[in-house]
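We begin with a single chain expressed as C-alpha cells, specifically the form predicted alone.
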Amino acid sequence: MTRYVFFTGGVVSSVGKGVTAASVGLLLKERGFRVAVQKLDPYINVDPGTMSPYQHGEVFVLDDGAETDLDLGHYERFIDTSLTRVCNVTSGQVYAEVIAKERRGDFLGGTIQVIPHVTNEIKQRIGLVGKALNAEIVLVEVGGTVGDIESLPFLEALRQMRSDVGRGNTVYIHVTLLPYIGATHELKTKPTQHSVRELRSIGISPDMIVARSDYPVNGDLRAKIALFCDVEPRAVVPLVTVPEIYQVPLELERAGVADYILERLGLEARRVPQLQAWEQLIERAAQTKPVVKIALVGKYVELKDAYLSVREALKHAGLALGYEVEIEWVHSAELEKGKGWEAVRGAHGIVVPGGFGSRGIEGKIAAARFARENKVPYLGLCLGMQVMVIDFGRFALGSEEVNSTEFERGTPYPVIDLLPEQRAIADMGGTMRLGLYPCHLQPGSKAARAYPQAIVEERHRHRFEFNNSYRDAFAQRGLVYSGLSPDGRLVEIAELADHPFMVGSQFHPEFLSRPNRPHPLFRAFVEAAIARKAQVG
C-alpha cells in the first residue's frame, strides 16, 4: 500500500513547506524508496498559467505540459524525478470536475456538498499520484496556512485519509514559524501552539513539527513545543534559516527526520543514504569563489520568484564551474527610460528570460542589441530568443519596424508570429505549446557543442514562433538555426555565427537544470561569461 506524508503550514505562508517536503522526499529516496510529491493549491484558478507572476511567482512546466506551482520546481530539483500533472491539484480543478459530474447526472439527483463530494474528489486525486508515478511514498503539501477558509476542504480530505488508508500509513508534518521578538531577544512558541490547536480542531494531530526560525532553537523551546503541542520531543525539528536551500536536506538528515518518518510508517531503510554529492555541493557553495556578473533583464524583477528556475539554473552552472554567479536584476522597462544600463554594461553575460505582453519589450530588445554589438555572452529563453531575433531582424533588414505580431499586430516585418495551430484559439488557459518536445541539434553549432547528445527533449511554454519566411534571408546574414524540430519546421534554437555566445532557445531549459547536473546551455553560457570576464578584466 502507498504511504502518505502530509505537510501543512502554520503562522505565516512562505514558511518553507515546499523545500521541506522536497528535502524529505530526497532523504526517503536515498533510503531506497520510490517517492513522488504533490502540491494541493486552494485557489480557484484551474492552474497558475493565467496568473500574473507578481501574484504567484513563476509557472513551472512539466514534461506533460502541465502548468504548475513553482514548488514543483523544488520537488523536481531535489528528488530528481520528472513529475506529472497529477502532482498539482487546485480547487479550480476539483470544483470543475465535481460540477461536470453533476451536469452529467453522475450523482443520481443527489445534493452536491463539500463533504463528501468535494473531499472525495480531492482524495481520488491524491490517490492518483502513487499509481501514475509508481510511488511507494507520496508526499503531499497543502498550500497556504491552517485557518485559511480556502484550504478547509483539503485539510478535511487529509483528515479522512488517515481512516481511508490506515493510521499506520500516514504521517502529518506541520511546518510553522517561531517569530523572534527583538526587544526581548526571544523566540516565541505561542503562534505555533495556536496553529497546532487550529489544526487539531479540524481533526488533524501533527506527528511532527518543523519549527522554522532565523535564530537557533534551544532544547527548552523544543520541550515546550512538544509539551503543548502533544508530540514527541524528538519530533520537534528546529530548522534554522540556512544560506543555501540545498543545505536543508542535510539539516533534516542530522535531525533524524527520515528515520522517524519510516518508523511511524512501519518501514525500514533499504540502503544507507548517500548524501556525499549534496555535502560536496554545500561545501562548494560555502567556499569563497571568483564572481561572474550576469544581468538578468526581465519585467517582473521586483519579485525574484518570478524567475526562480532561471536563478537556480545559473547557480547550478556557477557551482559546477567554481564561480559565484552574481545576478544583477535589471527591469527592462527602466532600460527604455535610459536607467539601469550601468548593470548591463558591467555584466559579463546577459540573460533575457521568458514573459508575455508588450510592457518592457523594447528594453529587452535593447539589451539583446547591446549583447550583439558588444560581443557580450547572451542567453535568451523563450521570449528572450524572440527579442534576439527581432533585434537581429532590425539589423539585417535595416528597419525599426521589425517586430513580433504579439506586440505589433500590423508590423510589416513579422519575424515572430503565432503558431498556425494557435490562430483559432480563444481560451488563454492551457492552450499554448506546452511540455516536452524533441529538438535536433545542428552539428558544429554552439548549441551542439554544449549538449552531450544530438537529439534533446526540452519543455516549452509559448504561442509564438520564428517566422520561417525570414529563415533564408537571416541565415545569409549570420543567424544559425542550431536546433530544429524533427520535421525541420520549427526553429527551437537560434544563435549568431560571429559572436562568442549569443544563443536563444524557444524552450525553457531552466526547468531541467539540477543542483548537481546543470543544464548544458546554462553551463555553456556561464563558461562564456567567465571567458568574457577574463577578457575585459
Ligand code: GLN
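Because the structure is predicted, anything quoted here is derived from the model rather than measured. Residue numbers here begin at 1 and follow the sequence given.
Keep in mind that the form predicted in complex with this ligand is missing from the display, and what follows is about it.
Visitor: How about G355 - does it come within 4.5 Å of this ligand in the predicted bound form, if we only consider non-hydrogen atoms?
Guide: G355: contacts this ligand in the predicted bound form.
Visitor: Whether F392 contacts this ligand in the predicted bound form should be assessed with a 4.5 Å heavy atom distance threshold; does it?
Guide: Close contact is absent here: in the predicted bound form, F392 is far from this ligand, nothing within 4.5 Å, heavy atoms only.
Visitor: May I ask you to state whether D148 is within 4.5 Å of this ligand in the predicted bound form, using heavy atom distances?
Guide: Residue-level check for D148: no, no contact with this ligand.
Visitor: Could you confirm whether K315 comes within 4.5 Å of this ligand in the predicted bound form, counting heavy atoms only?
Guide: Although this ligand is absent here, K315 would stay clear of it in the predicted bound form, with no heavy atoms inside 4.5 Å.
Visitor: Sort through I204, V456, A447, L383 and report the residue having a heavy atom within 4.5 Å of this ligand in the predicted bound form.
Guide: Only one listed residue qualifies here, and that residue is L383.
Visitor: Of these, R461, H117, R77, K299, which has a heavy atom no more than 4.5 Å from this ligand in the predicted bound form?
Guide: Exactly one residue meets the criterion: R461.
Visitor: Which of these stretches, 127-135, 235-243, 355-363, 337-345, has heavy atoms within 4.5 Å of this ligand in the predicted bound form?
Guide: Among the candidates, contact is made by 355-363.
Visitor: Heavy atom within 4.5 Å of this ligand in the predicted bound form: which residues of 499-513 meet that condition, in order?
Guide: The one in contact is H508.
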